[in-house]
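Form predicted alone, single chain, as structure tokens, below.
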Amino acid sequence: MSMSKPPSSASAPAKLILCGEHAVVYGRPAIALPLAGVRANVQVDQGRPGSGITLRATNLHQEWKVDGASPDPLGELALATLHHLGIPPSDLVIMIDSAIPIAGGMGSGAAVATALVRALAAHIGCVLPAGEISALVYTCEQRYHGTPSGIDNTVIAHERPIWFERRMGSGQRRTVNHIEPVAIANPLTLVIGDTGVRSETRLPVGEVRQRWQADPTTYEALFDQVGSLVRQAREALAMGDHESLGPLLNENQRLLETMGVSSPELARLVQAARDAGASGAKLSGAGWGGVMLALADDDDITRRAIVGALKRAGAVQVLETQIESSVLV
């Protein structure tokens, strides 16, 4: 690679889990959506000879060197990606700028990691398939989150609404991620409220695992109920039946509260959205903080009412997004 080579850039979207979080770790399905308008961006440029790999998170005002002996998760991912591409470690400056809240349930870590892999591949003139990117990013997710479901890296790398399910592979010796695109007959209008409370994904995920180990019968039953409503939600999306979808989201929230992964801040925003006219509202992601989502009608009056209610209820940030319709081919 020449020092005159121009920088290479790539980006990746945020994500929301529409329904199915936590239960998805235990073999039940989940539906996840990419948020095309909220993205992480990574730029790769040549560094000074002998400088090694430098990572700069510009929005966090942080910079660090990649230590090959004991790299951090992103540094390890950079080295693993270069190895995957057949390129020895070289002198690179990797600049990260993300608009996605950290530890907010919107896949910040997976989006940054996906953008990093894409940018490194672009820097050597290569385009990696989404499946390979997803597999590389999953190893990084494991470093961050302990036992991630694999849903974040999958929906972000593929950038499409997906049905995600862990299934037993051949011989029942390992799990295989089963991924299918999801049909959305009518666009979804979602309002996202950020509690401002940051909670690392691995903490509530680990807590649910402990509770499941202590009382598997109760938690398997909860996971089964979640799986059933996710299947109903898929049917509602395919038919454009938002009237049925809202109550399913509300029921998913009740089950998540039973699992112990909601919080007073999330509950307050969820209730405020429902009182303002949302047909359904729930936390999205691991919980104990982060974000919630509300399903709004297409009319601007309801949407604006939900936005105002979330702000009054303490949301530090409110995002509005539309998930476009998609047809299976």
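The numbering used is simple: start at 1 and walk along the sequence shown. None of these values were measured; they are calculated from a predicted model.
We do not show the form predicted in complex with a small molecule, though everything after this point is about it.
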Listed residue (197, 205, 93, 99) with a non-hydrogen atom within 4.5 angstroms of the small molecule in the predicted complex: 205
Residue among 318, 25, 313, 305 with a heavy atom within 4.5 Å of the small molecule in the predicted complex: 25
Partner-proximal stretch of 49 to 57, 279 to 287, 294 to 302, 34 to 42 relative to the small molecule in the predicted complex, 4.5 angstroms, heavy atom: 279 to 287
The small molecule contact at residue 17 in the predicted complex, heavy atom, 4.5 Å: yes
Exercise: residue 114 in contact with the small molecule in the predicted complex, heavy atom 4.5 Å: no
Partner contact for residue 201 in the predicted complex: the small molecule, 4.5 angstroms, heavy atom: yes
Touches the small molecule in the predicted complex: residue 105 (any heavy atom, 4.5 Å): yes
